[in-house]
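Taking the form predicted on its own, here's one chain by itself in structure tokens.
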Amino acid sequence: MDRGWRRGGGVPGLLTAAARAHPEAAFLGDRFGTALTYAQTEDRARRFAAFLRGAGLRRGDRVAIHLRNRAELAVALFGTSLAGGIFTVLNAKLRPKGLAAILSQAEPSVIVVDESTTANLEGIDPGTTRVLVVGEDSWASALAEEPWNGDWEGFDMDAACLVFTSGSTGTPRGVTLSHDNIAYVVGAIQDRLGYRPGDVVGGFLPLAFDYGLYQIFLAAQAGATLFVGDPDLVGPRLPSILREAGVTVLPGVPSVYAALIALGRRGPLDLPRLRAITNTGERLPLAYIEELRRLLPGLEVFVMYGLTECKRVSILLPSEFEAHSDTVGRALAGTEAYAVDAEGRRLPPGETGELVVRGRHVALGYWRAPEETARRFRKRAPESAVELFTGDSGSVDAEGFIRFSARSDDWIKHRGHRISPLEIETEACQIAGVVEAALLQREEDDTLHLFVTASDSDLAPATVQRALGEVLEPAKIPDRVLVLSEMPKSINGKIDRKTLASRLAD
């Protein structure tokens, strides 16, 4: 029976379409010397799919991919999808305890590791899980299978991927994304970003981080090349690596751009091919944007706002920046974002409340967490779609531009005032010499502590406090400023606030 009307190409279709359109074009290159065209990537993905099907993988079974950033990661996830499985990419820097907590939830049938991550399985009972090691015989044997030449047999609303994030209790939770979620939002993001076939996308975010992961799909959608770099390469060597790889588009979190800015203040960056950067994770300070455009004339900066639960909410185009620099852009085409009050009632344009998102990019929910899913993913009437209640605060103006105020857990109460650390951090980054800033509260004595890194080794804490005193209300002035040589980072490249909090007792 012809069921084609009921399904699209899903995640495998992104690769298949690209391999048919430009089979010999370069798709993946990594620092280990692997270089794959689109045709070669699809061939290997089909071999891996054949192996999984022969090993008894059933529709909906999970495959965990626990690798360093490398080309084989993309092969494994496309092959898993083609075979009907659900893939989950797990950060290579997870320690055994954290890995075990995720594996106990995902219950994978297969886990793919490499020489850098194999040790993390020590002490973990694999049970019925089959372990493949990239670079060893088990992986080579899997890719020695004859390619499976069938069509994808799944459906658009099937679960395709689990992205594990920290839950409100600190326990990892898996955001469950469907094939339709991924395929739809990749197209909507591409409509705004405009990746090109000749682009080389710099992949220096962990591929376990959802925006790092999506670079695989965005590159495939455009027929571009993805240089699979590594987060550890974000440092003094980054400009030379970008030049050597010919990177034209650099996706990143603010810490990536802070590193570039610090290097640019010491000497010319010399990145003639870099045409655009895109930001995610945390809001990119206005001072960063202005300095990057000064250091790299003609650079296009795409400001974005999103959550793993829907991937992307909004994108501000470079052409919209001058008139709307205080916003994070408009909701993606075919989606909607608006603010509600405490009772869930839609607010008029311009009024601040909780941001709500609706559209085909809203995830299926949290993996095996029905209560948490019900709190965040709500269907308020039989005739309505599921809406994502983000927990983030902001407003949407009459033109649809979103003004982001704070993440759900960012607001702090200080001496009777409700304060957004983002506001203070943004002002701090405007101060000459400051590169990064993070504000924390010590609850025992209700004091504010601002951590900064600086390109000027002579920057004094008193200078920062004095500059902030000229633009902020007295209740928002940090009680203490600490200048660090380097800001601690999480495994996803964001500022590690837990590590900073441990220093508050110093």
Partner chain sequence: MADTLEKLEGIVRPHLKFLKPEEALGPDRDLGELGLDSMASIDLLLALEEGFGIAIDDEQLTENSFATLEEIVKLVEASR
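Positions refer to the first chain, counted from 1. Rigid core: the largest C-alpha set superposing within 1.5 Å between the two forms. Only a predicted model underlies this, so the values are computations on that prediction, with no experimental measurement involved.
Below, we turn to the form predicted together with the partner chain, even though it does not appear here.
- Taking the partner from elsewhere, every residue among 237, 463 and 466 has a non-hydrogen atom within 4.5 angstroms of the partner chain in the model of the complex.
- Contact annotation for residue 31: at least one heavy atom lies within 4.5 Å of the partner chain in the model of the complex.
- Contact annotation for residue 255: at least one heavy atom lies within 4.5 Å of the partner chain in the model of the complex.
- Proximity of residue 265 to the partner chain in the model of the complex: non-hydrogen atoms within 4.5 Å are present.
- Using a 4.5 angstroms threshold between heavy atoms, residue 479 counts as touching the partner chain in the model of the complex.
- Between the partner chain and the residues 232, 336, 399, 290, the one pair within 4.5 Å by heavy atoms in the model of the complex involves 232.
- A single residue from the set 368, 196, 380, 243 has any heavy atom within 4.5 angstroms of the partner chain in the model of the complex; that residue is 243.
- Per the 4.5 Å heavy atom criterion, the partner chain in the model of the complex is contacted by stretch 224-232, the sole one of 155-163, 290-298, 224-232, 304-312.
- Annotation: Cα of residue 70 displaced by less than 2 Å between this form and the one not shown, core superposition.
- Comparing the forms between this form and the one not shown on their rigid core, the Cα displacement of residue 26 stays under 2 Å.
- Relative to the displayed conformation, the Cα-Cα distance from residue 474 to residue 352 grows by 3 Å or more in the model of the complex.
- Distance between the C-alpha atoms of residue 238 and residue 459: longer in the model of the complex than here (change of 3 Å or more).
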